[in-house]
Every structure is written in C-alpha cells, then in structure tokens.
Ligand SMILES: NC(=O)c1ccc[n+]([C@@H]2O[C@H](COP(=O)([O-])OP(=O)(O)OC[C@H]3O[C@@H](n4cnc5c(N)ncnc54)[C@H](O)[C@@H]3O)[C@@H](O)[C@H]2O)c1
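Just one chain is shown here, as structure tokens, and it is the form predicted alone.
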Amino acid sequence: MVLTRKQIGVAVVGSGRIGTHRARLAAQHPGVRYLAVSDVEAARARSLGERVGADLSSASNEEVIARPEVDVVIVSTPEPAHVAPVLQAVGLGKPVLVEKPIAMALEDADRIIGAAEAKGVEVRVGYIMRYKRQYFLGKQQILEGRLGRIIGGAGRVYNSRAQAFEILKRSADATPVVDVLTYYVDLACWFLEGSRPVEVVARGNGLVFKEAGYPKADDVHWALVTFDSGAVMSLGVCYALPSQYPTLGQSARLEIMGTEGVLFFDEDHKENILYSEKGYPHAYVPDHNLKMVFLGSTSSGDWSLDHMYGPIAEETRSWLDHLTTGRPCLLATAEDARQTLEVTLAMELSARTGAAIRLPLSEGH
C-alpha cells in the first residue's frame, strides 16, 4: 500500500500518569507538529506542558479540544470522565483515542458509537495489552490456523492492593473487574474474533476492599464466559495481594486451547528481580517504595534513557503512525470496547445476583 505523510496536531486531555506517557510519546513522534495538554488541575497541566514542550497547556479540556491546530484527541481522564471529551472531539470531527473502558455504562458507550458513526469519525480504545509482542504473535498463529478451532482457555491477573487502592480512590466504580480484568476479556474476544460472548457466570469474594469502604470491589473474582461457538473461557482477577508484593503491575497468565494447538502466555514477571536497600519507587502509587521488585513488570511499560519500552508506547506510536501515514493499526475499536464493557458488567451482575447472565444485557442492567 502507498502511505501518506502528514503532520498533525494532538491534544492530550488529562495530565495524570497515563496522559503523561501519551504526551511524552506524542512529543517524540515525527508526525506531531502541535501538542496541547490539559487537566482540571491547572498546575498539573502546566507541569506536563513544560516537561514535553507543549505548545499549549490549559485547565480547560474543552479549550484544547476545540483548538483549530488540534486534529486528533487523546482522552486520558479518570474513567468516569471519558464521555464528555470524547463526544466533544467527535462532534468536531476529530479522531479519538480514549483509555479503557470506553465508558462506565453501556448507554454512554452507545452514545459515543452513534456520534462517531454519524460524523464518520474514528474512535479507538486503549486496550494496551494487545500491543505486547507475544499477543501479536499469538493472534498471528490463530489467523494462520495453527490452533484449529478454539475450544476454550483461561486467564487470570494479579496485583497488589496498593495499586488497587489508587485506582479505587480515583473512581470507586473502577473495580478490578471493570478496570483490570477488562484487558483479558478484550484479549479473549480478540483471539476468538468472529465468535460472540453469550453467557457469563461469575462468583466473587470481598473482605479487604469492602472493609476499606469500597462495597462494589471484590478481592477475588472468577467468571466463565461462553461464546456462541461453544468455546468457554475462565477469567479471573485478584488485586488484593499484600501491599509489598513485588509486582509493579499486572502479573498475568493467559491460555488459549484449540483442536490442533495451544497458546500459553506466562507473564508473572519473576524472571528479572531487583533488590535495593534504597527502595524502588512505584510508578503508579506515590510514596510507595518496594525493596524487591519484578523489574519490568509495570503494566504500561517503562521509561529508560528517555525512551519508553512497553505496550503503551507501541500502541501510541501505532495510532499516531496510523493517523499520519494511513498505516493500519490494531487498536480496539469502539465496538470492540463496548462488547468488552458489556461482558465485565455481566460478570459483576452475575457475582452480585448469583445468576447466569445471558448476553446481550437487557435494558436496566
């Protein structure tokens, strides 16, 4: 294919940890000619703007989205604040990359999809785990038929309660299921592309988070997801490991089984260990130092020698390449993200009611 070459203006809305990654990566991309950053906390936006050499920093998300120099928008606000900036950008005809989940309710996801379709605007969702090398390799093997017909699989993800509390403080509705297990629901649906989830049965147990004042969050949650092809996936999450557990992000395993082959992914990150009496700062949890860490286990990736390695870097570069050259990208679509949101909401509903939940969800769920 013949690639185009153009320069674009980018607005990064939300100057927290993920917005900082996105802005630094955009500032380094050769196709970005203009960069604006914003945050409801003016000092945070100003600090990030100075760090990345942004052309504009503002305490108004609406201002940076509306700037005529801005062609595309990255929404990295807290989860409950995704919808308004996405809809504003789409209404102005500007493509959007929004962090997962696309929204906290299916009705809002549908509003985004409807608006994007009406304006002919592309909306992509940041399911960064797709951009790990091993999952790209796995997807390729499935496409080439080496697994035969997929019959099922299993996935689980663990992390420490130190990181979970940071997420819950930001949004009490961003439970380990909706905010974290969602990555592995997305991967399962991506690997089983063409097969639709039709039923969810889930169970959870909660002591740590509920006693801390987060009644919606389970410490452990396990679910069976059945697809219309008959494939069954077992998916689970525990974000209640002790605070000093040495992971800096998601410790995960994912298995996909077919009639003629299997894929086993081991991401517990125990292969690279650092121990330091000086402690190691946790990128996600302020003032949380660990003496021993699984080096390289940060979920989004790591900056080293002013270069970022990891899935958020690969995903951001891929999206910016897509916009500036026309090169295809594999970021989750808004429709993909809506399906994943529906499955995670069904997981929580099933655990809460004890019932098997059929998909699609009926109105009111």
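Every value quoted in this text rests on a predicted model; they were computed, and no experiment measured them. Just count from 1 along the sequence shown to find any residue number.
Another form exists, predicted together with this ligand; not displayed. Remarks below refer to it.
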Given that this ligand is not shown alongside this chain, does N61 nevertheless sit within 4.5 Å of it in the model of the complex, heavy atom to heavy atom? yes
Hey, in the model of the complex, does V90 get a heavy atom within 4.5 angstroms of this ligand? no
Given that this ligand is not shown alongside this chain, does E79 nevertheless sit within 4.5 Å of it in the model of the complex, heavy atom to heavy atom? yes
At the 4.5 Å heavy atom threshold, is K100 in contact with this ligand in the model of the complex? yes
Using heavy atoms only and a 4.5 Å cut-off, determine which of L330, V32, L56, V40 is in contact with this ligand in the model of the complex. V40
Of Y284, Y245, Y214, F294, the one that lies within 4.5 Å of this ligand in the model of the complex (heavy atoms): Y284
Does the trio A23, R124 and W319 actually contact this ligand in the model of the complex, every residue with a heavy atom within 4.5 Å? no
Region of this chain that lies against this ligand in the model of the complex, out of 199 to 207, 255 to 263, 178 to 186, 215 to 223 [heavy atom, 4.5 Å]: 178 to 186
Residues within stretch 9 to 37 having a non-hydrogen atom within 4.5 Å of this ligand in the model of the complex: V13, G14, S15, G16, R17, I18, G19, R22
